[in-house]
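One chain follows as structure tokens, the form predicted on its own.
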Amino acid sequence: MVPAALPVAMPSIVLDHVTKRFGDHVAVDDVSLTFPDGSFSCIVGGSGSGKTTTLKLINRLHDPDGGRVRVGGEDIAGIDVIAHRRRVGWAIQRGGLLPHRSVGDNVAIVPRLLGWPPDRIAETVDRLLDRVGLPPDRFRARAPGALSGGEQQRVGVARALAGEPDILLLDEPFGALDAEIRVKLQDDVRSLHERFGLTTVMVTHDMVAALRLADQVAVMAHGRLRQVDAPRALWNAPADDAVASLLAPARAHADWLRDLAGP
């Protein structure tokens, strides 16, 4: 196993020998992994690799059958599950928006649960819509069904940030978007990560996105962690055939672009 490239001083999220089973199937198999405070990390892997289950363990959508998940040094098994989820931003593909509520109401869900006063909620909704490139005067009252896929995803990110979390979890947030929109939103999410000082963990099957965005990339296969490293180190020294296989399409694409550019 190649060690993580980032220093681990005050880790924000630690998975300590975590295992999760569904019947006879071991979805996450003895995974130990640290996401340092303030880092942008990606978990990559093919279908059935365990990456999404790992993300759900951090948000307590699943509880581990073995091992511990700690956030800020505290075992989250001992924290009220609703209180824990309210301090963690969560965004999924297509945003997971409530179709019967307006854009503004979708963004306001967590602040209302937290009991914020109406003026603070309104200010937060408008500020975040503006930050994700959706002018509030145009988008606040719109229905999610009237938005494009990229716009829905932006609302999902704004909603994930509305409760002022320290942690942002992203589950395949860009998979259904056109290439141009996908790259723009990836850059915007990285910028928001830095602006809000978040610890971000993103699950993706897109190795190119992981290499572009992340401070560290964790590669999973068949429920096990195969390598965790900085993008350049991962690219130059894949730990095994499973990691090399995930890198192969990105390498082929890079070679094709290099040949196209010519000498």
Ligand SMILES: Nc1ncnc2c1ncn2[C@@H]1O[C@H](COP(=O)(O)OP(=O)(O)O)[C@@H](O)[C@H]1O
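As the structure is a prediction and not an experimental result, all values here were calculated from the model. Numbers follow the displayed sequence, beginning with 1.
Although not depicted, the form predicted in complex with the named molecule is the subject of the following passage.
Interface residue among 207, 27, 69, 225 relative to the named molecule in the model of the complex, by the heavy atom within 4.5 Å criterion: 27. Checked against the named molecule in the model of the complex, the candidates 50, 36, 238, 64 yield a single residue with a heavy atom inside 4.5 Å, and that residue is 50.
Residue contact check for residue 46: one or more of its heavy atoms lie within 4.5 Å of the named molecule in the model of the complex. Annotated contact segment (heavy atom within 4.5 Å of the named molecule in the model of the complex): 52-60, selected among 52-60, 208-216, 193-201, 228-236.
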